[in-house]
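Next up is one chain by itself, shown in structure tokens, the form predicted alone.
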């Protein structure tokens, strides 16, 4: 029996990217994981379920196993012969793989987009409009005495967020739960709201109105209404007083703010509110990112092209225009004629009309597991799981880069995303010369 203990492994589930996991491996299997939340534990225990072990190529209504070399050659041929391919995913893989994907998109003249365009994209647009007052999660842990979750439910979506960094964390200057105030704004009483000191239940799709009213109250202007977003004005003023009265406050926002009516305008209002609060006290704002490397994907996209998502490279230069150049826009117009999907499952998660459009074109999917998207694909290339079977750089939700460790060997013949993208890129270059 061979036992190995890997200390300080990075969790690759949510945007918290907890880097304090201790993983005990016995005879090539994960035996025990310390410091893991329920989501991480499930991933470590069930990583081999629904696993794809060989490259697959569609034949009629089924698949046949093929060689890795043939899968790469056929994938390269499909992309090179495509007039307008879309390259999608990139948030559940490493930054190194994302960089190779951007080079490939430029070579084949396609649109490359990541999951941000259907989740926190409006937040990124808001940041481009207003700017952002940000910080690291470590600073929140050590200094924040007021935590505001708006449209997010970390108890279920980011299970260790509150314990490691916010309400339940033991910080250097704020050492206990009693020294922190927890406020939740949401349309329903979530599990996080049940733990809050103050909960403000608002009407659905009324975030912009409440944020605007809060800005009025913070700036000493009169609110000429009796209720805002379903709340009496007195409660809005009470919330504004709480925000002003803290020494160090942080607003964490989720999809309940970015994907409701208003979208990027909601974020314009939230970012402006934080800017106004900084005239009275210290206040910061941070998105609750879902996929473990969606922040890293945005970072690499921006380094290479200047834009965080939805980049059209078909004209030989990067063009960014959300509403025209994201995967939803391209599929809605029916313009793309092939797709490369990396570490994502758009067939399961995009609106059904867009998923049906995707099913009609040749799909190449790189993924460790069987998904509805692999089942609809022309070619499927299995990959190693980052943070478990391969190393790589990922970015935590606050923009801190972390290096994932390799804990297990991948199944025989299964390569990492970086190896697959490198081979695909080399073959495309050969076909184009």
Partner chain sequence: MSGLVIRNGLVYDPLNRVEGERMDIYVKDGRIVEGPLKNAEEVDASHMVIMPGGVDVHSHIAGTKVNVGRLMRPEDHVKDVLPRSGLRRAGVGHSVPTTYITGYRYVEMGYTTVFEPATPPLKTRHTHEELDETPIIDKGCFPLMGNNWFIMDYIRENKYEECRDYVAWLLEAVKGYAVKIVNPGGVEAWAWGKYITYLDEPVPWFEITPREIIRWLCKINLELKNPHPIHVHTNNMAKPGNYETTIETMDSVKDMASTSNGQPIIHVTHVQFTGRSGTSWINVGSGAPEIAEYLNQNQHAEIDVGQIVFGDTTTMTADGSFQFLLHLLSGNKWANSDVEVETGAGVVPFRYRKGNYVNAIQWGIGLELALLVKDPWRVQMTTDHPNGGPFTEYPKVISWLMSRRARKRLLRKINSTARRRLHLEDVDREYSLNEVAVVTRAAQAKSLGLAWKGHLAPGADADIAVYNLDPKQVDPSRDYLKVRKAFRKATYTIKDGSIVCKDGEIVSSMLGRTYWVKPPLSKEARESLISNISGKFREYYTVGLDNYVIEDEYLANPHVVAPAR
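Residue numbers count along the first chain shown, from 1. All values derive from a computational prediction rather than experimental measurement.
Another form, the form predicted together with its partner chain, is not on view; read the next lines as being about it.
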{"item": "124, 137 and 303 all contacting its partner chain in the predicted complex, non-hydrogen atom within 4.5 Å", "value": "yes"}
{"item": "Listed residue that, although its partner chain is not shown, lies within 4.5 Å of it in the predicted complex (heavy atoms), from 200, 150, 208, 248", "value": "248"}
{"item": "Option touching its partner chain, based on a heavy atom within 4.5 Å in the predicted complex, out of 349, 170, 359, 235", "value": "170"}
{"item": "Proximity to its partner chain in the predicted complex (heavy atom, within 4.5 Å), stretch among 225-233, 81-89, 152-160, 100-108", "value": "100-108"}
{"item": "Heavy atom of residue 143 within 4.5 Å of its partner chain in the predicted complex", "value": "yes"}
{"item": "4.5 Å heavy atom contact, residue 400 to its partner chain in the predicted complex", "value": "yes"}
{"item": "Heavy atom of residue 76 within 4.5 Å of its partner chain in the predicted complex", "value": "no"}
{"item": "Residue 181: touches its partner chain in the predicted complex, heavy atom cutoff 4.5 angstroms", "value": "no"}
{"item": "Neighbours of its partner chain in the predicted complex among 372-399 [non-hydrogen atom within 4.5 angstroms]", "value": "393, 395, 396, 398, 399"}
